[in-house]
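Presented below, as structure tokens, is a lone chain in the form predicted alone.
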């Protein structure tokens, strides 16, 4: 690693209960220069997201205790302090068109996990400002 670089790594919070997927994402993103924290529980993920120290939140819709939908709703609540992080939904759940549209209006991105490799995910996140 080149220690002369002054840019700090973008921080990614991955809220994902599927250990294998979380591990794949963490490995690919770390290799891509990101600092990654994986949380498998919805309520833990929400608490962690509220620390507002992340640049990007990868949010699975199907996580235990608090669903991804509920996390998204709470993080986008106008009565709460604004979050600096971009929120990207990651799911394999088939959504009705109106449900997906509603989610996409609140999130900054929507990815179907089965259609995106971890390497492609890094490329997608690299394009976020």
Partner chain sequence: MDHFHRLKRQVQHYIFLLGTLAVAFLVGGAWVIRRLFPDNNDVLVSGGLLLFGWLVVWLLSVILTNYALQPLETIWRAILHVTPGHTSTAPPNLEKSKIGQELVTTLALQVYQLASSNTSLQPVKPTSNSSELESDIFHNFPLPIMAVSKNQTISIANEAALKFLGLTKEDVFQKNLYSVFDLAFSDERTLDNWLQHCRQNKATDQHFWQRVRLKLADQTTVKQFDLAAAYSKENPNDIEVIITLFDQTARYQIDDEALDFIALAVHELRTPLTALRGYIELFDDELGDKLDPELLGFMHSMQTSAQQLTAFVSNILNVARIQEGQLSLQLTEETWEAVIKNAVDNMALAAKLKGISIDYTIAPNLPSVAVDKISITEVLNNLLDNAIKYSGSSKLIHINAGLTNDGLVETVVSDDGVGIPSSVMPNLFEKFHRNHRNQARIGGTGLGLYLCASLIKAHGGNIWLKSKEGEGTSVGFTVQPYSMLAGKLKDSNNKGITRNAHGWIKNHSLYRR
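Computed from a predicted model, the values in this text were never measured in an experiment. Numbering follows the first chain given and starts at 1.
If you look for the form predicted in complex with its partner chain, you will not find it shown, but the lines that follow are about it.
- Against its partner chain in the predicted bound form, the set 27, 62 and 113 is in full contact: each member has a heavy atom within 4.5 Å.
- Only one of 48-56, 63-71, 27-35, 77-85 places residue heavy atoms within 4.5 angstroms of its partner chain in the predicted bound form, namely 27-35.
- A residue is said to contact a partner when one of its heavy atoms sits within 4.5 Å of a partner heavy atom; residue 103 meets this definition for its partner chain in the predicted bound form.
- Contact check for residue 43: no non-hydrogen atom falls within 4.5 Å of its partner chain in the predicted bound form.
- Proximity of residue 127 to its partner chain in the predicted bound form falls within the 4.5 Å heavy atom cutoff.
- Counting a residue when any of its non-hydrogen atoms is within 4.5 Å of its partner chain in the predicted bound form, the hits in 77-94 run 86, 88, 92, 93, 94.
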